[in-house]
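Single chain ahead, written as structure tokens, the form predicted alone.
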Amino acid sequence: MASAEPLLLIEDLHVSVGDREILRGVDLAIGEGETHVLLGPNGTGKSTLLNTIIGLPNYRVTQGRIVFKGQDLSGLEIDERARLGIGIAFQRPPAVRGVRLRQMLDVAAGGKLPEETVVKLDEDLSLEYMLDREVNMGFSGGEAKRSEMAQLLVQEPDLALFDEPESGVDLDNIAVVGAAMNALLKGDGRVSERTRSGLIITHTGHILQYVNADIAHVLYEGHLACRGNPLDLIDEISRHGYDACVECAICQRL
């Protein structure tokens, strides 16, 4: 049964990169088992929000707080946040020279990965020929996204962050990545029966053909301007753009 307390609670979050303020008062609560979608124009701060949650350097919180499982994340390093149960799949996953994908999966799993798990990952993501290659070195867009998904699947985070999972990926790979995301988030079950939560950035909405999402938010001018049904909001944005969307009747304005 999902907890009454939010798994992730963000209150009045202001974030600057260098001397530029990107986020200007973001409030967000994600409950246990919920999958949320984050929409918004380019440059409005969607990736900044995810990178701040995971704790990447150069994203400076100037006001507000991020609370995960009841713990304020202020001052925690990336590895500490990962051990608490936060995972991320980057839009452009970094290459890691000298580290094989098999080694990275062992680390993500917290120890030596059982061979039966490797076999299952290969069945779901066609990884076998990539396992002894350096992480993301020379990988295609689809290979890099499948590599990211494999790492999340073995990490089994309580909160999974996805930054544009369909970006740079062909239709076949979107289907594979989407199915893996839905399996990780247990998207085919009721919210009350799920144990993992997700926050997905998408521009096109294509990934939502494979992943069941509960609610979407529009990040606009540095704050969450409205929320609503994911597919309804994407349809409204595709028809009328973001300016009209934040004022339309189908949104719950914040």
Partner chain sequence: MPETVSTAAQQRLAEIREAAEKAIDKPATLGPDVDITRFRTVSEQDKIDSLASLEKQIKETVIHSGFVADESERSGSYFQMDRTPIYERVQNAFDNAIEIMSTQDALAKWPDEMLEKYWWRAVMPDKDKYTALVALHQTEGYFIRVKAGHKVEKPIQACLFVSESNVSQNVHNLIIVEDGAEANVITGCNVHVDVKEGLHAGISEFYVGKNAKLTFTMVHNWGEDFSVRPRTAVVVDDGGVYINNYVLLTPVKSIQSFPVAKLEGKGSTAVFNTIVYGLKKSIIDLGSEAQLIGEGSRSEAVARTVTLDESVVYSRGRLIGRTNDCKAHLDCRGIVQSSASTQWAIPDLVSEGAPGAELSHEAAISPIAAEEIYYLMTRGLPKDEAVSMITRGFVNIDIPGLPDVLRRQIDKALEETAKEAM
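Source: prediction; values computed, not measured. Numbering follows the first chain given and starts at 1.
Omitted from view is the form predicted in complex with its partner chain, to which the following refers.
Student: Exactly one stretch in 121-129, 86-94, 170-178, 67-75 has heavy atoms within 4.5 Å of its partner chain in the predicted complex; which is it?
Tutor: Selected stretch: 86-94.
Student: Mind checking whether each of Ile215, Cys226 and Ala244 has a heavy atom within 4.5 Å of its partner chain in the predicted complex?
Tutor: Judged in the predicted complex, none of Ile215, Cys226 and Ala244 sits within 4.5 Å of its partner chain.
Student: Indicate whether its partner chain has at least one heavy atom within 4.5 Å of a heavy atom of Gly98 in the predicted complex.
Tutor: Heavy-atom contact with its partner chain at 4.5 Å: present for Gly98.
Student: Is Pro57 a contact residue for its partner chain in the predicted complex, using a 4.5 Å heavy atom cut-off?
Tutor: Pro57: yes, in contact with its partner chain in the predicted complex.
Student: At 4.5 Å between heavy atoms, is Asn182 in contact with its partner chain in the predicted complex?
Tutor: No, Asn182 sits far enough from its partner chain in the predicted complex that none of its heavy atoms falls within 4.5 Å.
Student: Find out whether any non-hydrogen atom of Glu166 is located within 4.5 angstroms of its partner chain in the predicted complex, and reply yes or no.
Tutor: No.
Student: At a 4.5 angstroms cut-off on non-hydrogen atoms, which residues of 133-160 are near its partner chain in the predicted complex? List them in order.
Tutor: Sequence-ordered list: Val135, Asn136, Glu148, Gln151, Leu152, Gln155.
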